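Heads up, the chain below is alone and in the form predicted alone; it's given as structure tokens.
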Amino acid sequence: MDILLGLLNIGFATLTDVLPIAGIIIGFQLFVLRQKVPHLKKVLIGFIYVLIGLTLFLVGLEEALFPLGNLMAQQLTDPAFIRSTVDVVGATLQWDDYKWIYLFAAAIGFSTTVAEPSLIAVAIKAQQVSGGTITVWGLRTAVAIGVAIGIALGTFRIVTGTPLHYYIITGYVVVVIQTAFAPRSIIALAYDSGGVTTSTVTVPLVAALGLGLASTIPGRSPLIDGFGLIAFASLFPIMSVMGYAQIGEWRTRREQKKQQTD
């Protein structure tokens, strides 16, 4: 009964979220463009599919993935577990004693990003408009690697207590330099890729990890140090996507030179 009630509540919340979007699109179609909605029956069926799919997806996240992710974050950031992996019992924990945290952060960042629905939608559109030059899995993998590196580095920042702005300023300096040398066709997509990572799947798990880590490390404030991982998850995919394009361009030039010499 509780699950059914939760399903109905989430379904109603999803409906209230999606209705304004549908209302704006249909309203512009009818009152601004003054044309009938093409394939109205298919549109309505698709709208129902969207509601059912989003509802089941959100229920699955709340009932299974989020609790498991939160539990993992709490267990891995527990000082008792971390001390059990250190050779000298009772020694003050150093940044390199948190190696399992860094590995978990990278793994959870990669996996949640690959599963991110908004990224999948952007990757499909990018493949369509690029004529297959940008592949769905190529873009998803590049973004996921960027998020994995970013979140792992973000957990390192929490452990060491270094100021957040050092990392963000340095990261954006790298992005600006990359932008000057990256292929023009990838720049806008790279910047958008940083935004689509901060959505339904990634944000709750990453936020739980940051807050859990900041709560268990002595001298860290959950409010000051616990937040900021989402910024890393938005910044580093920009670098990785432009790097993906730059590597592809370099390989293409190398193959062309090889063909010319042959």
Partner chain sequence: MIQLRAFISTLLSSLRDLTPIILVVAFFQIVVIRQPIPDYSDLIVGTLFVIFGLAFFIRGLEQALFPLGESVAYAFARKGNLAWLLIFAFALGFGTTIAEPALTAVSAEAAKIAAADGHIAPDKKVMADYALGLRLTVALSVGFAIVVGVFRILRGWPIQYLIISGYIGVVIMTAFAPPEIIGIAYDSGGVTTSTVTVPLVTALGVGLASSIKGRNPMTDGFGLIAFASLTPMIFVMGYGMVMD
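All figures in this text were calculated on a predicted structure; none of them were measured in a lab. Residue numbers count along the first chain shown, from 1.
Here the subject shifts to the form predicted in complex with its partner chain, a form of this protein not shown in this document.
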Exercise. Would T155 show up as a contact with its partner chain in the predicted bound form if we use heavy atoms at 4.5 Å?
Worked result: no
Exercise. Can you check whether V159 is within 4.5 Å of its partner chain in the predicted bound form, heavy atom basis?
Worked result: no
Problem set entry | Partner contact for G219 in the predicted bound form: its partner chain, 4.5 angstroms, heavy atom | no
For this session: Mark P117 yes when one of its heavy atoms lies within 4.5 Å of a heavy atom of its partner chain in the predicted bound form, and no otherwise.
Result: yes
For this session: Check each residue of 43 to 68 against its partner chain in the predicted bound form and list those with a heavy atom within 4.5 Å, in sequence order.
Result: V43, I45, G46, F47, Y49, V50, I52, G53, L54, L56, F57, V59, G60, L61, E63, A64, L65, L68
